[in-house]
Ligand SMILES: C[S@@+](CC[C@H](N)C(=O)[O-])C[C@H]1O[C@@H](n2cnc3c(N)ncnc32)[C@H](O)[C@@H]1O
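Given as C-alpha coordinates, the chain that follows is alone and in the form predicted on its own.
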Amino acid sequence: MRDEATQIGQVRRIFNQVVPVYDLLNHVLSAGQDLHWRRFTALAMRLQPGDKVLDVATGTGDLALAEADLPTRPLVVGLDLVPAMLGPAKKKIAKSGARVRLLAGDGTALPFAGETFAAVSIAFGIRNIPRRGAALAEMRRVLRPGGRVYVLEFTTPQGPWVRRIYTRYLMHLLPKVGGLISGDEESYRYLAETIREFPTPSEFRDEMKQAGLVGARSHPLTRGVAWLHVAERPLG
(Lines give C-alpha, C1' and ligand atoms only; values in the text may rest on other atoms or scores of the structure.)
Protein backbone atom coordinates (compact mmCIF):
# COMPACT_ATOMS: atom_id res chain seq x y z
CA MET A 1 0.00 0.00 0.00
CA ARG A 2 1.43 3.38 -1.03
CA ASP A 3 1.33 6.25 1.44
CA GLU A 4 -0.69 9.31 0.42
CA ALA A 5 2.20 11.70 -0.19
CA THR A 6 4.04 9.15 -2.36
CA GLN A 7 0.97 8.44 -4.47
CA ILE A 8 0.14 12.11 -4.99
CA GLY A 9 3.74 12.81 -5.98
CA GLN A 10 3.66 9.91 -8.43
CA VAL A 11 0.38 11.11 -9.94
CA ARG A 12 1.75 14.64 -10.39
CA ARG A 13 4.92 13.31 -12.04
CA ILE A 14 3.10 10.95 -14.40
CA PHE A 15 0.50 13.42 -15.61
CA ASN A 16 2.96 16.29 -15.98
CA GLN A 17 5.05 14.04 -18.20
CA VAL A 18 2.32 12.58 -20.43
CA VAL A 19 0.46 15.82 -21.24
CA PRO A 20 1.64 15.98 -24.90
CA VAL A 21 0.47 12.43 -25.69
CA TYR A 22 -2.33 12.01 -23.14
CA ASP A 23 -5.27 12.14 -25.57
CA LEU A 24 -3.54 9.90 -28.11
CA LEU A 25 -2.76 7.31 -25.46
CA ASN A 26 -6.34 7.33 -24.16
CA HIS A 27 -7.73 6.72 -27.64
CA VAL A 28 -5.16 4.06 -28.60
CA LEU A 29 -5.23 2.13 -25.33
CA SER A 30 -9.05 2.06 -25.18
CA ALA A 31 -9.46 1.37 -28.93
CA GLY A 32 -11.42 4.62 -29.15
CA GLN A 33 -13.95 3.54 -26.52
CA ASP A 34 -13.01 6.34 -24.10
CA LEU A 35 -14.84 8.85 -26.31
CA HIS A 36 -17.96 6.68 -26.31
CA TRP A 37 -17.82 6.20 -22.52
CA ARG A 38 -17.55 9.93 -21.85
CA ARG A 39 -20.40 10.72 -24.23
CA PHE A 40 -22.53 8.04 -22.56
CA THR A 41 -21.80 9.59 -19.17
CA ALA A 42 -22.69 13.10 -20.32
CA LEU A 43 -26.00 11.92 -21.81
CA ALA A 44 -26.82 9.94 -18.66
CA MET A 45 -26.62 13.10 -16.55
CA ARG A 46 -29.95 14.48 -17.86
CA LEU A 47 -28.89 18.06 -17.21
CA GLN A 48 -31.36 20.91 -17.41
CA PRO A 49 -30.86 24.46 -18.78
CA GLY A 50 -29.03 26.57 -16.23
CA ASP A 51 -27.54 23.61 -14.37
CA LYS A 52 -24.00 23.97 -13.06
CA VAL A 53 -21.73 20.94 -13.33
CA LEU A 54 -18.35 20.21 -11.74
CA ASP A 55 -15.96 17.84 -13.52
CA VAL A 56 -13.23 16.73 -11.10
CA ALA A 57 -9.88 15.48 -12.45
CA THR A 58 -10.97 16.99 -15.75
CA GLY A 59 -7.56 16.45 -17.38
CA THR A 60 -7.61 17.64 -20.98
CA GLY A 61 -11.32 18.36 -20.71
CA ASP A 62 -13.00 15.68 -22.82
CA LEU A 63 -15.80 14.90 -20.35
CA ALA A 64 -16.32 18.58 -19.48
CA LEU A 65 -16.64 19.36 -23.20
CA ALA A 66 -19.08 16.48 -23.74
CA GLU A 67 -21.21 17.89 -20.89
CA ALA A 68 -21.03 21.45 -22.22
CA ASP A 69 -22.04 20.20 -25.67
CA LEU A 70 -25.37 18.83 -24.45
CA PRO A 71 -28.48 20.50 -25.95
CA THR A 72 -29.32 22.03 -22.55
CA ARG A 73 -25.95 23.87 -22.55
CA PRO A 74 -25.07 23.59 -18.84
CA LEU A 75 -22.31 25.69 -17.29
CA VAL A 76 -19.37 23.37 -16.61
CA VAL A 77 -16.42 23.86 -14.26
CA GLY A 78 -13.40 21.60 -14.82
CA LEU A 79 -10.93 21.12 -11.98
CA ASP A 80 -7.63 19.22 -12.00
CA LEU A 81 -4.80 18.66 -9.53
CA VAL A 82 -2.13 19.02 -12.25
CA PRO A 83 -2.23 22.49 -13.86
CA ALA A 84 -0.28 21.32 -16.93
CA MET A 85 -3.15 19.00 -17.86
CA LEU A 86 -5.41 22.03 -18.32
CA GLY A 87 -3.32 23.46 -21.17
CA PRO A 88 -4.79 21.19 -23.87
CA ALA A 89 -8.24 21.65 -22.34
CA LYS A 90 -7.99 25.44 -22.71
CA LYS A 91 -7.15 25.06 -26.41
CA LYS A 92 -10.12 22.74 -27.00
CA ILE A 93 -12.47 25.10 -25.18
CA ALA A 94 -11.22 28.13 -27.11
CA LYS A 95 -11.74 26.27 -30.38
CA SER A 96 -15.23 25.05 -29.52
CA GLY A 97 -16.51 28.12 -27.67
CA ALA A 98 -17.92 25.83 -24.96
CA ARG A 99 -19.11 27.20 -21.61
CA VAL A 100 -16.36 25.60 -19.54
CA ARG A 101 -14.35 27.28 -16.80
CA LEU A 102 -11.07 25.64 -15.75
CA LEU A 103 -9.09 25.81 -12.53
CA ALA A 104 -6.45 23.85 -10.67
CA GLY A 105 -7.51 22.29 -7.39
CA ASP A 106 -7.60 19.29 -5.08
CA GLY A 107 -10.53 16.88 -5.29
CA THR A 108 -10.40 16.33 -1.52
CA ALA A 109 -10.70 20.07 -0.76
CA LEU A 110 -12.99 21.55 -3.41
CA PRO A 111 -12.86 25.38 -3.55
CA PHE A 112 -16.63 25.85 -3.75
CA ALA A 113 -19.48 26.60 -1.38
CA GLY A 114 -21.86 23.83 -0.41
CA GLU A 115 -24.88 23.04 -2.60
CA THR A 116 -23.38 24.75 -5.67
CA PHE A 117 -23.75 22.11 -8.39
CA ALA A 118 -26.54 20.06 -9.94
CA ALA A 119 -24.07 17.28 -10.76
CA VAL A 120 -20.45 16.30 -10.18
CA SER A 121 -18.53 14.01 -12.52
CA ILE A 122 -15.12 12.39 -12.56
CA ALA A 123 -13.72 10.19 -15.34
CA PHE A 124 -10.79 7.85 -14.74
CA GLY A 125 -9.52 10.00 -11.91
CA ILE A 126 -10.87 8.70 -8.64
CA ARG A 127 -8.54 5.72 -8.56
CA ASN A 128 -5.61 8.17 -8.46
CA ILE A 129 -6.95 9.93 -5.35
CA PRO A 130 -5.56 8.22 -2.22
CA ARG A 131 -8.45 9.35 0.03
CA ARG A 132 -11.42 8.37 -2.14
CA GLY A 133 -13.82 8.72 0.78
CA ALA A 134 -12.78 12.34 1.35
CA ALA A 135 -13.20 13.11 -2.36
CA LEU A 136 -16.68 11.55 -2.44
CA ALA A 137 -17.67 13.45 0.71
CA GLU A 138 -16.53 16.71 -0.90
CA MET A 139 -18.56 15.92 -4.02
CA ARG A 140 -21.58 15.37 -1.81
CA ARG A 141 -20.97 18.66 0.01
CA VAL A 142 -20.92 20.80 -3.16
CA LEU A 143 -23.99 19.09 -4.63
CA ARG A 144 -27.40 20.61 -4.14
CA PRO A 145 -29.93 18.22 -2.51
CA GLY A 146 -31.00 15.63 -5.06
CA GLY A 147 -27.92 16.28 -7.20
CA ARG A 148 -25.94 13.32 -8.51
CA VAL A 149 -22.33 12.14 -8.59
CA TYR A 150 -21.20 10.31 -11.76
CA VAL A 151 -17.98 8.30 -11.49
CA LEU A 152 -16.64 6.77 -14.71
CA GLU A 153 -13.82 4.38 -13.91
CA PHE A 154 -11.96 1.28 -15.03
CA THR A 155 -12.41 -1.96 -13.10
CA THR A 156 -11.07 -5.42 -13.79
CA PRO A 157 -14.00 -7.20 -15.55
CA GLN A 158 -15.92 -9.66 -13.39
CA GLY A 159 -16.51 -12.34 -16.06
CA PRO A 160 -13.77 -15.02 -15.89
CA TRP A 161 -12.73 -15.18 -19.56
CA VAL A 162 -12.92 -11.41 -20.13
CA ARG A 163 -11.06 -10.91 -16.85
CA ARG A 164 -8.27 -13.26 -17.94
CA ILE A 165 -7.77 -11.56 -21.32
CA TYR A 166 -8.05 -8.06 -19.84
CA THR A 167 -5.56 -8.76 -17.05
CA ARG A 168 -2.97 -9.90 -19.60
CA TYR A 169 -3.58 -6.76 -21.62
CA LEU A 170 -3.43 -4.57 -18.53
CA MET A 171 -0.22 -5.91 -17.05
CA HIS A 172 1.75 -6.62 -20.22
CA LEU A 173 0.52 -4.87 -23.37
CA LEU A 174 -0.70 -1.58 -21.86
CA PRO A 175 2.66 -0.65 -20.22
CA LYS A 176 4.58 -1.53 -23.39
CA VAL A 177 2.31 0.45 -25.74
CA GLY A 178 2.05 3.32 -23.26
CA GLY A 179 5.81 3.30 -22.86
CA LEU A 180 6.40 3.22 -26.59
CA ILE A 181 4.25 6.34 -27.14
CA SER A 182 5.12 8.26 -23.96
CA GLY A 183 8.65 7.03 -23.30
CA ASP A 184 7.68 6.04 -19.76
CA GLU A 185 6.70 2.38 -19.43
CA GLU A 186 6.94 2.43 -15.64
CA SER A 187 4.21 5.08 -15.35
CA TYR A 188 1.80 2.93 -17.32
CA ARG A 189 2.71 -0.07 -15.18
CA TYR A 190 1.68 2.03 -12.17
CA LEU A 191 -1.59 3.05 -13.83
CA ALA A 192 -2.32 -0.59 -14.67
CA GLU A 193 -1.80 -1.49 -11.02
CA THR A 194 -4.26 1.19 -9.89
CA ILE A 195 -6.91 -0.40 -12.12
CA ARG A 196 -6.25 -3.86 -10.68
CA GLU A 197 -6.42 -2.47 -7.14
CA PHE A 198 -9.64 -0.52 -7.65
CA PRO A 199 -12.67 -1.88 -5.74
CA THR A 200 -15.31 -4.05 -7.38
CA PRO A 201 -18.51 -2.21 -8.35
CA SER A 202 -20.32 -3.40 -5.22
CA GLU A 203 -17.39 -2.37 -3.00
CA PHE A 204 -17.26 1.06 -4.60
CA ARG A 205 -21.01 1.53 -4.14
CA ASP A 206 -20.41 0.87 -0.44
CA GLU A 207 -17.77 3.63 -0.44
CA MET A 208 -20.30 6.01 -2.00
CA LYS A 209 -22.83 5.14 0.71
CA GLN A 210 -20.23 5.68 3.44
CA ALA A 211 -19.64 9.18 2.01
CA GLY A 212 -23.31 10.02 2.59
CA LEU A 213 -24.58 9.40 -0.95
CA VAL A 214 -27.72 7.36 -1.58
CA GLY A 215 -29.25 5.29 -4.35
CA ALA A 216 -25.87 4.03 -5.56
CA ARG A 217 -25.98 1.99 -8.78
CA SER A 218 -23.44 0.87 -11.37
CA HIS A 219 -23.65 0.41 -15.14
CA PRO A 220 -21.11 -1.82 -16.98
CA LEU A 221 -19.63 -0.54 -20.23
CA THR A 222 -17.83 -2.67 -22.84
CA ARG A 223 -18.21 -5.97 -20.94
CA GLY A 224 -17.30 -4.38 -17.64
CA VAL A 225 -13.96 -2.89 -18.66
CA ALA A 226 -15.33 0.47 -17.51
CA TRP A 227 -18.23 1.24 -15.18
CA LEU A 228 -20.39 4.28 -14.59
CA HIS A 229 -21.24 4.59 -10.89
CA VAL A 230 -24.07 6.96 -9.93
CA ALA A 231 -25.34 8.11 -6.54
CA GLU A 232 -27.04 11.23 -5.21
CA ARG A 233 -27.15 13.61 -2.30
CA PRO A 234 -30.25 13.01 -0.18
CA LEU A 235 -33.04 15.56 -0.41
CA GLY A 236 -33.31 15.91 3.36
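One-based numbering along the sequence shown. Treat the numbers as computed from the prediction; the structure is a model and nothing was measured.
From this point on, the text means the form predicted in complex with the ligand, which you will not see here.
Taken together, the three residues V11, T58 and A123 all come within 4.5 Å of the ligand in the model of the complex, as judged by their closest heavy atom. The candidate stretches are 137 to 145, 160 to 168, 72 to 80, 93 to 101, and the one lying within 4.5 Å of the ligand in the model of the complex by heavy atoms is 72 to 80. Only one of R38, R205, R189, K52 comes within 4.5 Å of the ligand in the model of the complex through a heavy atom, and that residue is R38. For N26, a non-hydrogen atom is located within 4.5 Å of the ligand in the model of the complex, even though that partner is not displayed. Remark: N128 counts among the residues lining the ligand in the model of the complex, judged by a heavy atom distance of 4.5 Å or less. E115 falls outside the set of residues with a heavy atom inside 4.5 Å of the ligand in the model of the complex.
The ligand in the model of the complex comes within 4.5 Å of a heavy atom belonging to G105.
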